[in-house]
Each structure stands twice: as C-alpha cells, then as structure tokens.
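Okay, so here's just one chain, in structure tokens, the form predicted alone.
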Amino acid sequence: MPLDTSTYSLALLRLDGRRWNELRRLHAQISTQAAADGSSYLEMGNTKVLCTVSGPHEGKAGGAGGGPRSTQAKIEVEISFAGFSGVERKKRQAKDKRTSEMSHTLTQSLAALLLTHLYPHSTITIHLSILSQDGSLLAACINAATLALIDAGIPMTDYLCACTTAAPPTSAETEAGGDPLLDLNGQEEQELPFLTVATVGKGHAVSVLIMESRVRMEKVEGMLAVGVEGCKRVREILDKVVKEHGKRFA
C-alpha cells in the first residue's frame, strides 16, 4: 500500500522511508532449534538474532549460582557475533567490553523478570548469536531472549520488550517540532544520540534504560515517552507470534 503523503512532507521521511514513529519490519519465530529447551529467531529490520535457552539444569556445586546455598537459579548469558554480521569482517573477542556490558544488562533485566526462586541450585543458560547488525542490537537481543524463554516454558511475570529512540537531527527540529525517532537503524545510531528502553508488560514499568551519548535534558522525556510506546507495539507483535505458535498444538 503506497504511503499517503497528502499531509506529510516527503522531506521529513527518514532514510529508509519511515516516519518518525514507525517501527521497522519485525519478524520472529520460536522453536527454531529442536535440540534446545527453548529457541527463537528475530529480525528487527536488518538486525538478525538467533537465541537458544538451555535449562534449568543442575548448577555447579559451590559456584556463584546453583551452589548448595543458592535459593534461586543463576542466569548465564553468552553472546557471539558471526564474522559476517557487521561491515568489518573480523572476529570479535569473546570477552570484549561491549559484549560483557550487553551480557550484564541482559542478565540483570532477566533476573528481575524470571521466577528464579522456583529453580534453586539451578542454572539457566541463554546463548545469543548475532547474525546481522543494523541498529537496535541490544533491543533485538532482549526481544529474542524473551521469546526463547517463553518457548522453554520458564515462568516469568510478563514480556520484556525493548526498542530504541533518538533525539531528532537539528534540521528536523526546525521543520517538524523535534519529534524523537523510533527504532533506529545502524546509520541513525552513528549520527544521533539515542537510548535503549525496555518495559515489562503493557504498562509503563521501565526495566532497562541505557544511553551512551550526550543529549539535552529537555529531550530525554520525549525520547522516553516515544520509546515506551514503541515497546508496547513490540509486545503486541511478540504476543501474536506466541499465540500463533500455540495454535499449532490446540
């Protein structure tokens, strides 16, 4: 269906033809790996992530999690990047700072979401394989992990859904009133200050909020509001994927 431009200037469209509050195409599947306890495949635009979940399985005795004194399951997150996932065809170090930060964010946010007290002395392992990078990488990992955990049947309070939002460029502020941009691609992330936000359920409960660039304080509230609304729309898409998969067994 062609875009109705009768009340919207073509000069205000983004590089990929979207308006300021439009999500990229989001495609997701669950139960993609038969050998895993839970698995998912997710695409947000050209960002593609494959996720598998193993566990809960017995933890190592005396470890930080799953030990004899542990009353909750330990969550381990492993992230690997395919050599062809980015523009630079090189192998990323397994313990580089960026990967460690993403793993820590995922571990902390999922620990607050999962009912880990139901699995004492256990370990839940989440492995994320990054097949393609084109912006909103952390958000895609969070969404893929949520679907894989649902597929694994691990109890959780609600969906954890994420997206990105950015402050508008200077030229857009003068022409369109400075509407924040939703769901950034790779080029937009390089040019604009942005934040990643993740919410729990249908409400406004923010579980993850990360900004690694500077932005004026008065813009943050608008960026956050757009990001929360984007998370609600992502939740609707993920919920539809889960329900469509469940119909196969009805």
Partner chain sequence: MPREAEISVNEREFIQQALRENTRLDGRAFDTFRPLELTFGDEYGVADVKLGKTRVIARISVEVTAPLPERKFDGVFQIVTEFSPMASPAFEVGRPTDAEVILARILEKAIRRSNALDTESLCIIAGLKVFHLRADVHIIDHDGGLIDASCIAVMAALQHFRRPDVIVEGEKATVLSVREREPIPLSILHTPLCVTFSYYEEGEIFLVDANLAEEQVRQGEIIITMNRHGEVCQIAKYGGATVDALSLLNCNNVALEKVKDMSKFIQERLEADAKRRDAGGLMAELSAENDR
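Residue numbers count along the first chain shown, from 1. Quantities reported herein were computed from a predicted structural model and do not represent experimental measurements.
Keep in mind that the form predicted together with the partner chain is missing from the display, and what follows is about it.
Novice: Determine whether any heavy atom of His204 comes within 4.5 Å of a heavy atom of the partner chain in the predicted complex, and answer yes or no.
Specialist: Yes, His204 is a contact residue.
Novice: Find out whether any non-hydrogen atom of Ala34 is located within 4.5 angstroms of the partner chain in the predicted complex, and reply yes or no.
Specialist: Answer no; every heavy atom of Ala34 is more than 4.5 Å from the partner chain in the predicted complex.
Novice: Should Glu191 be classed as touching the partner chain in the predicted complex when contacts are defined as heavy atoms within 4.5 Å?
Specialist: Glu191 lies outside the contact set for the partner chain.
Novice: With the partner left out here, check for me: in the predicted complex, does some heavy atom of Asn46 sit within 4.5 Å of the partner chain?
Specialist: Contact with the partner chain, no.
Novice: Which of Thr105, Ser85, Thr125, Gln72 has a heavy atom within 4.5 Å of the partner chain in the predicted complex?
Specialist: If I apply the 4.5 Å criterion carefully, the residue I get is Thr105.
Novice: Among the candidate stretches 145-153, 109-117, 126-134, 76-84, which one is within 4.5 Å of the partner chain in the predicted complex when only heavy atoms are counted?
Specialist: The contacting stretch here is 109-117.
Novice: Pick out the residues of 212-227 whose heavy atoms come within 4.5 Å of the partner chain in the predicted complex.
Specialist: Going through 212-227 in order - heavy atoms within 4.5 Å of the partner chain in the predicted complex - the hits are Glu212, Ser213, Arg214, Val215, Arg216, Met217, Val220, Glu221, Leu224.
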